[in-house]
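One chain is shown next in structure tokens, namely the form predicted on its own.
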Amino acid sequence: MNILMVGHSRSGKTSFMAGMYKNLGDDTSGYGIRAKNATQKQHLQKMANQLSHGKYPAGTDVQQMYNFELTCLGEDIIPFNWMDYRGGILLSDDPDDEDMGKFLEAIQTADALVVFLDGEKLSDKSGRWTMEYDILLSCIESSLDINHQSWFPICFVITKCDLLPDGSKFYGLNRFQTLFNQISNSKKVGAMLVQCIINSEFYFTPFLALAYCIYGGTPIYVQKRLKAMENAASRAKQHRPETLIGWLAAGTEQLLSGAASIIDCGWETTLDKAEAANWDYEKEQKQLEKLQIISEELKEKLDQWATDNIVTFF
């Protein structure tokens, strides 16, 4: 699953990453994330430690992709790629910019989007920042009709909310209203809006966004598990004897295999292959059951967050 993180430079994407890893990195008591790359893991740990001491990590304008595994009680459940697209591309005014073409392709091939909106700019009543989002709006709109692998989640994250006065209003969201209406009327796309606070004391919001994206992508992994189960069942049937003569031949083969094992020649019999296929089937079935439980749990969390007015769905 590919989750694409998009937003202008200095919109809070890097701090969000630090908060996500601070909250979820290698957590074995509940939901967590495991960085698969050792170098990336060290970098994320460093950012999380800086955040703990009240230091925001330096922003970056370099495209990066992090390879994660969603874990539950320390067990790997769902692999996903978290892609950070450089924010500077959103300020490009060159229609022939090669990077813009790659950016559009990245959005259209993603399985989920996390869109970062600078709360300080959105709360500016003058509206002088709203046109800055036109390119981003256009790119998102172009992805709404794409036939994604599953229902397509878009999470809008309003950042820097802890830097705003109480009762601040996000006037800039008016420019997104047409897009929100399009999403509301779509049967293939959904959206969630959440206000985000990332600092040394509050860094939990990233799990809300991740949970929404993972929930939207769960059907992708369910289909993979079902396909793997179907393949394993087919292999088991292919190697399982169906007649008396077949069972006699298989028994003879097992006896010969036992003798061959003495000289360690690695002979895999027909029954061995059938047993291996059955084991694969059972393994995939257990993974499917876990996925279904995870999906139900995430759905319950999302519903509760909406009831508590922590998030808004479109």
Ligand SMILES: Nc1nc2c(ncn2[C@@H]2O[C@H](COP(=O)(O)OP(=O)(O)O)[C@@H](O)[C@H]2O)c(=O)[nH]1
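One rule holds for the numbers: they count along the sequence shown, beginning at 1. None of these values were measured; they are calculated from a predicted model.
The discussion below concerns the form predicted in complex with the named molecule, not included here.
Lys160 belongs to the set of residues with a heavy atom inside 4.5 Å of the named molecule in the predicted complex.
Mapping the unseen interface onto this chain, Trp279 falls outside it, with no heavy atom inside 4.5 Å of the named molecule in the predicted complex. The shortest heavy atom separation between Val115 and the named molecule in the predicted complex exceeds 4.5 Å.
In the predicted complex, Lys299 stays away from the named molecule, with no heavy atom inside 4.5 Å.
Of the residues Ile198, Leu122, Ile154, Ala209, just one reaches the named molecule in the predicted complex with a heavy atom at 4.5 Å or closer; this is Ile198. Candidate site formed by Lys22, Thr71 and Gly74: none of these residues places a non-hydrogen atom within 4.5 angstroms of the named molecule in the predicted complex. The stretch among 161-169, 75-83, 229-237, 131-139 whose residues place heavy atoms within 4.5 Å of the named molecule in the predicted complex is 161-169.
Along 1-33, residues His8, Ser9, Arg10, Ser11, Gly12, Lys13, Thr14, Ser15 each place a heavy atom within 4.5 Å of the named molecule in the predicted complex.
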